[in-house]
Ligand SMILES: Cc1cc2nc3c(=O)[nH]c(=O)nc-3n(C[C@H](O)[C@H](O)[C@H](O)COP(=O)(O)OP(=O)(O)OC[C@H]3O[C@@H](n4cnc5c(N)ncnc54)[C@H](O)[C@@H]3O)c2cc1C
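Only one chain is given next, in structure tokens, and it is the form predicted alone.
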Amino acid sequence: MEWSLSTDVVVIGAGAAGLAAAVSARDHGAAVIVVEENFDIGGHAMLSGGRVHLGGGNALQKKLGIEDSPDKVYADWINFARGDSRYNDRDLVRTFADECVPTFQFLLDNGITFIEKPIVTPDASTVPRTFVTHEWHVPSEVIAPRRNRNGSGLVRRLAESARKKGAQILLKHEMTRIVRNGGKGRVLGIVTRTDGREVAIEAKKGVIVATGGHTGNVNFRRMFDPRLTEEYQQAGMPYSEQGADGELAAMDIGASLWATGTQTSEVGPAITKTRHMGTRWGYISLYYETDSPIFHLCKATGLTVTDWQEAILVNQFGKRFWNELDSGYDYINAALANHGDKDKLNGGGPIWAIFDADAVARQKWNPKPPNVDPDGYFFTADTIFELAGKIENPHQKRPMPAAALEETVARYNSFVTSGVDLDFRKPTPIHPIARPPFYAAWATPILHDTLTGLRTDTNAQAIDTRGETIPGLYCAGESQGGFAQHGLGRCLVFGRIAGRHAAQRNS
């Protein structure tokens, strides 16, 4: 193999896990190259709320008088009574628990600052452990500015520290394969593609997969849930794709998956109801305003729904399918169900919110671009019949039956009159859909968390299908399996561990 570049440690992905790995590897004396396929750093963490779940008695917990310990962290994250912790690999949880405090200090040492007030989260916590980073101070570098994207302050500071310490970050470098020396040999490096050419990068000590998970890869995610066909978009797009690149490249050289049941345990935000309708990217806590540097890709902010009494939700056949006020997995399963399409048995198809001019007035929505995307994701008409005929979207496999939508709206309006939803028990339907113009807005569920991935040991070394470590291959972040924790904590802990262990390997 002829190498274009050579270094000690190559990190694939410049999100929370990858940047933590890069800084950690440099701290332990290794030369580091980080490759990132995007035009900028940050990945999903850039668009996150900056919630860092690291307890165990960290510096801020002590300052605020919160009593915690690694043993308490461990006990919470293996609690059999909780769905988000009962399936976890307990060896990984023990390592996480023991490394929480030093990882929190690692963040402080590298310039990350926190709001000094813990927040209450649904995570497995018997004491407050989650603190929020400050948002990055340059709005044009936040990607989704003015919407509390505090994760920007985490990744920008880590990238700043990595570069100051000598790590090289190569943007617009898409990893295409991991190079291994034969079927049982050590990992030698990676190949990337940039500007139409291949760049082979030697890794003398190790390669760290930190590519962010698999939610954006339809074929890969359907290994865990066959219903997740192409109509379901994912949080983070159109900024961070989560295309399973790292998992696939690692599996090509023998890596295995781990704790796959956590992806479908129906706990946490693996799949969520949309909150911003009429846009392709309507994830519940992510809102791209018009001054976002990627708004030309987003195309619309979406109309934010504060009360689902304002609309009904229908499938591609114009039929209601569940109580619109429900946002849990009962709703999600109803949305993903087969609604009668004999040509597409998997996947529930598009979900559309139907509402009228009165709803627009009550919610003070502006149903025009750039608030909505009329290119397949938002439609308006003077009659319900005409509205059904206008709905055209790549995932709407056949025209919506106009008579069916008319019947659905009329039946729902009768429930408003009677005060009782005879079909789905929506509590006290309030608003009829009666005053034109009428609207149809894309409201299909959005995918978020990757909760499974590659098998690793407690040093973040990748393990093959026979249970043996793959020399020189590491994994951290959402691409790592075995620990189904939402948020940034596990990414930072195992990123730091991977960087440290890789740097200390013999070449």
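One rule holds for the numbers: they count along the sequence shown, beginning at 1. Only a predicted model underlies this, so the values are computations on that prediction, with no experimental measurement involved.
Only in words, not in the display: the form predicted together with the ligand, which the text now covers.
Asker: Which one, 237-245, 197-205, 330-338, 352-360, holds residues whose non-hydrogen atoms are within 4.5 Å of the ligand in the predicted complex?
Answerer: Among the candidates, contact is made by 237-245.
Asker: Which residue among 55, 472, 482, 42 has a heavy atom within 4.5 angstroms of the ligand in the predicted complex?
Answerer: It is 42 that has a heavy atom within 4.5 Å of the partner.
Asker: Indicate whether the ligand has at least one heavy atom within 4.5 Å of a heavy atom of residue 454 in the predicted complex.
Answerer: No.
Asker: Determine whether any heavy atom of residue 458 comes within 4.5 Å of a heavy atom of the ligand in the predicted complex, and answer yes or no.
Answerer: No.
Asker: Tell me, yes or no, whether residue 273 is in contact with the ligand in the predicted complex, where a contact means a heavy atom of each within 4.5 Å.
Answerer: Residue 273: no, not in contact with the ligand in the predicted complex.
Asker: Contact between residue 149 and the ligand in the predicted complex at 4.5 Å, heavy atoms?
Answerer: Answer yes; at least one heavy atom of residue 149 falls within 4.5 Å of the ligand in the predicted complex.
Asker: What are the residues of 42-58, in order along the chain, with a heavy atom within 4.5 Å of the ligand in the predicted complex?
Answerer: In sequence order, 42, 43, 44, 45, 47, 48, 49, 50, 51 come within 4.5 Å of the partner.
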